[in-house]
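This document opens with one chain alone, in structure tokens, the form predicted alone.
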């Protein structure tokens, strides 16, 4: 390996690490607020990429039908819970998702600019987060961590099946958001890589500001640090959970759009990406956002260099990181 190859692999590792960083932060956030190891996080990536490409190609994305099905399911559960007296609130909560689904169906016919399709994609996938929380997790929010993990695994399998049904088995690849390259110390750097790194920095910075300055951010922090105390102070655990899932869905949607210009995405591609984000989250103990971010870039660099030296074992090498980390943490607790 020479310096050129090392620099090129580093570039690729940093780009992948930025995606894993976003996923790790989303997983840590959801776990901190709800105690759920959100295995289906990767499905947001697949859904977003497939939706964005469908809109760019002038097709109505499968996300429209999926979102309407989720709205109907959440509305039915809410009516069972609140009775017909809550019909008005159910309709009010359904207006935004149904309106966005209609907007996506219309926009596919008129060939809108890429930025509009991007915003529609993020909004569609973002609506799924709170709906999934209401359908799957709200009634079992106080269950044990093991039960929540089992439900998350089942939820992932269901979302895989729904992805296959609504999107089909074909893979898609979007055009890069910026199709150009620059030379940095003699190494060609794709503009898409720069976009991914900048997007990661903006999102992480935005999440920090929101958590420190906004009411909802402070409420989520309180629910994560002391759930009982937060409830005593009037902070709704249900609202905190829905907000955490909303943020996770937004992060997954943006990650899916960013990565769709770099690789081919299938309905099940998000699972492997989500697992690598989970490895990074484990490096941070599913508690520390900075450590999870650092671990994510470490995972990205390790994967990139492993693909050069032992491409057939790169996934094994990445996932093997979990073993020493868990051993170290178990021994630290034993002391």
Partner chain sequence: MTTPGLLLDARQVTVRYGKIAAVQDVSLRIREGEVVTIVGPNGAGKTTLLSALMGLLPLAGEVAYFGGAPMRAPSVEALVRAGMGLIPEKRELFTSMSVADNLALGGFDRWRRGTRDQADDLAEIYALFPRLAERRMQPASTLSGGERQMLAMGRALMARPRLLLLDEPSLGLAPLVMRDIFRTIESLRARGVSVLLVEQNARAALKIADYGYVMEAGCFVLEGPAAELAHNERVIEAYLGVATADRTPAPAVPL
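Residue numbers count along the first chain shown, from 1. Since the model is a prediction, treat every value here as computed from it, not as a measurement.
Just so it is clear, the following notes concern the form predicted in complex with its partner chain, a form of the same protein that is not shown.
- Using a 4.5 Å cut-off to its partner chain in the predicted complex, each of 222, 225 and 233 places a heavy atom inside that distance.
- Note on contacts: among 81, 93, 173, 218, the single residue with a heavy atom within 4.5 Å of its partner chain in the predicted complex is 218.
- The single contact residue among 118, 162, 100, 237, judged by any heavy atom lying within 4.5 Å of its partner chain in the predicted complex, is 237.
- With the partner omitted here, the stretch from 131 to 139, 209 to 217, 105 to 113, 164 to 172 that lies within 4.5 Å of its partner chain by heavy atoms in the predicted complex is 209 to 217.
- Although the partner is absent here, residue 205 sits far enough away that none of its heavy atoms falls within 4.5 Å of its partner chain in the predicted complex.
- In the predicted complex, none of the heavy atoms of residue 186 sits within 4.5 Å of a heavy atom of its partner chain.
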